[in-house]
Ligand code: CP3
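Form predicted on its own, single chain, as structure tokens, below.
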Amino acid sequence: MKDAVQTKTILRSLAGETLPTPPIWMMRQAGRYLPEYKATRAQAGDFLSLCYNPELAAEVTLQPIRRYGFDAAILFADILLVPQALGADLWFVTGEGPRLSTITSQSDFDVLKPVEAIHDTLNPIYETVKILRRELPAEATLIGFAGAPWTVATYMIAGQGTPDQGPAHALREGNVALFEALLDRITAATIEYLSAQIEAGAEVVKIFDSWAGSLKGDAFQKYAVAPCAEITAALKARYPNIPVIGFPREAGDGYVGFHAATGVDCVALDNSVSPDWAAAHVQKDGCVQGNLASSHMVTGGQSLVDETRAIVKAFSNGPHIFNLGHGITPDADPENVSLMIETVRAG
């Protein structure tokens, strides 16, 4: 008889199996669109306090599993906890998002902590993973995650999100040695962070490269593909049976060959590429994840149903995990999430 892990649908898809109904989870599924999340966040006091409170972070991770019965839960945390653990100042401005102290000179870089020090800050995250592994339903897969080095670096260099990642590109072009030293530090920290999540009980890990699409040509290969490959290879050497999902958002043609170039088990797709194109050019190499536009979670209706069916059909001849092409937004209607899941599972 197979054990529980072998029968989990997401793990089967990640292993290359084509299932009659794709498993489903949703990026940012624990979050501001849910009233129960808002209540728990109010209890925590602020976003970072919620991230670092293992009991409450586990609670918000479990909330969408209870409500919707997703096939996976993704750890509730934030990609900017790694820079904070490396010594960057991190705070959140209500209505605007994260702010960090910036790394724009060698002296800024020199005050960062060594990689081995990150666990002092991140231990509560590993405690959250342990709680989740105990409390998740047996059929649900637990996904850990981290930001990709390029994306994390863009925030560390600019001190906040930017429309075009201009400050990071300027440093990349103006001080290659400093830029690459920062990327190397983030890469090494990410390997240790994801390893600790796996040790605590994560069954899959995902590398979010939200700003990969702003890297073009050789820069995409050097700063999106190569770090993802390095992280994946290190994790596979330590944990050969743990699948890795890569998400080079808005990579366009860069999605082609990403499986082989990085060693990831699954490539997550944003909704700027069509499912038919991705089935022909990306899914042929392995599992894909995606890629319904998150705007459908706001507007709902027949267009949500039609697009969901089209995605399921396009990817029906290979391994596929149904998901959005980006995270669900705070203005989404929880009822539309139910409609999406019902549509996927109705076949």
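For clarity, every value in this text was computed on a predicted model and none was experimentally measured. Numbering starts at 1 and runs along the sequence shown.
The same protein also exists as the form predicted together with this ligand; that form is not shown, yet it is the one meant from here on.
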**Request:** Consider E192 of the chain shown here, and say whether it contacts this ligand in the predicted bound form, taking contact as heavy atoms within 4.5 Å.
**Result:** no
**Request:** Indicate whether G257 is a 4.5 Å heavy atom neighbour of this ligand in the predicted bound form.
**Result:** no
**Non-hydrogen atom contact R66 with this ligand in the predicted bound form at 4.5 angstroms** = no
**Request:** Answer yes if any heavy atom of S210 is within 4.5 Å of a heavy atom of this ligand in the predicted bound form; otherwise answer no.
**Result:** yes
**Prompt:** So which of G252, P124, P137, G97 reaches within 4.5 angstroms of this ligand in the predicted bound form, heavy atom to heavy atom?
**Reply:** G97
**Fill in**
Answer key, this ligand contact in the predicted bound form at 4.5 Å (heavy atoms) among L215, V225, I118, L80: the residue is L80
**Item:** Stretch from 72-80, 163-171, 264-272, 127-135 whose residues place a heavy atom within 4.5 Å of this ligand in the predicted bound form
**Value:** 72-80
**Request:** Let me know which residues along 33-50 have a heavy atom within 4.5 Å of this ligand in the predicted bound form, or say none if there are none.
**Result:** Y37, R41, F47
